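As structure tokens, one chain now follows by itself in the form predicted on its own.
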């Protein structure tokens, strides 16, 4: 694995590899890697991509700066995982390298409706920062394919729109299934901050999502939502949203729609830790 800290060095190396006919698979991360991230690297490798992973804790996407300060940093352990996974290139830029003109002089993209609901409403400015950093990274890496995890579903929708805005028509985006713990908890860097008692109950978020999916023929989502909110409250969570949306564009739905591919999404806090998760409703996937 070749490690790069400078943009020009990375671009020169990638250009040489493209000249040899190689396709580039890109996995952008903020580090604190886990099996979910590694599954994205492995997916790229399985598709015969020369794989680039970036680790960059992007300051512009943290609307809560205390959350930025608490974000786990584990570069040595991350590198070991990437080496074992067969990652070809690691990009480890500084903030100054990504934002040479300062954080206030980076292009801002308009994501419209996507920036006003769910995560956009709860974390003002978050997707602005996501757009800034992913836009910069796509300009730098110029990948053949981009690999992202379904756990951050709304972020995936934002990045898909970003690709359209940037007119990157040749870029393939792959949204890969969420990697889960044995109890269903979606793997996340934030899970490291859970206390043992919090971790014991955290899987109930996934239980709620499965319940939403299993009851989609009941035609009463409001009742199912209330059941989920009550269960989460009983386990010590403060629920921010339990939502149902069109899986294609995240249009929020008041009720189940049998003719529409649907996604259920939950955000809830336990203590200071905010967790998000989602599930594509199985019966609606082929609608």
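All values reported here derive from a predicted model rather than from experimental measurement. Residue numbers count along the first chain shown, from 1.
One more form of this protein exists, namely the form predicted in complex with ligand AMP; it is left out here, but the text below deals with it.
Using a 4.5 Å cutoff between non-hydrogen atoms, residue 113 does not count as a contact of ligand AMP in the predicted complex. At the 4.5 Å threshold, heavy atoms of residue 74 stay clear of ligand AMP in the predicted complex, well away from it. Put simply, residue 253 is far from ligand AMP in the predicted complex: not one heavy atom of it is within 4.5 Å. Taking non-hydrogen atoms only, residue 43 never approaches ligand AMP to within 4.5 angstroms in the predicted complex. 148 is the sole member of 141, 148, 87, 98 with a non-hydrogen atom lying within 4.5 angstroms of ligand AMP in the predicted complex.
In summary, among the residues 235, 70, 257, 34, the only one with a non-hydrogen atom within 4.5 Å of ligand AMP in the predicted complex is 34. Contact annotation for the candidate site: 39, 155 and 177 all lie close to ligand AMP in the predicted complex (heavy atom within 4.5 Å). Comment: 22-30 is the region of 241-249, 257-265, 22-30, 44-52 lying near ligand AMP in the predicted complex, near meaning a non-hydrogen atom within 4.5 Å.
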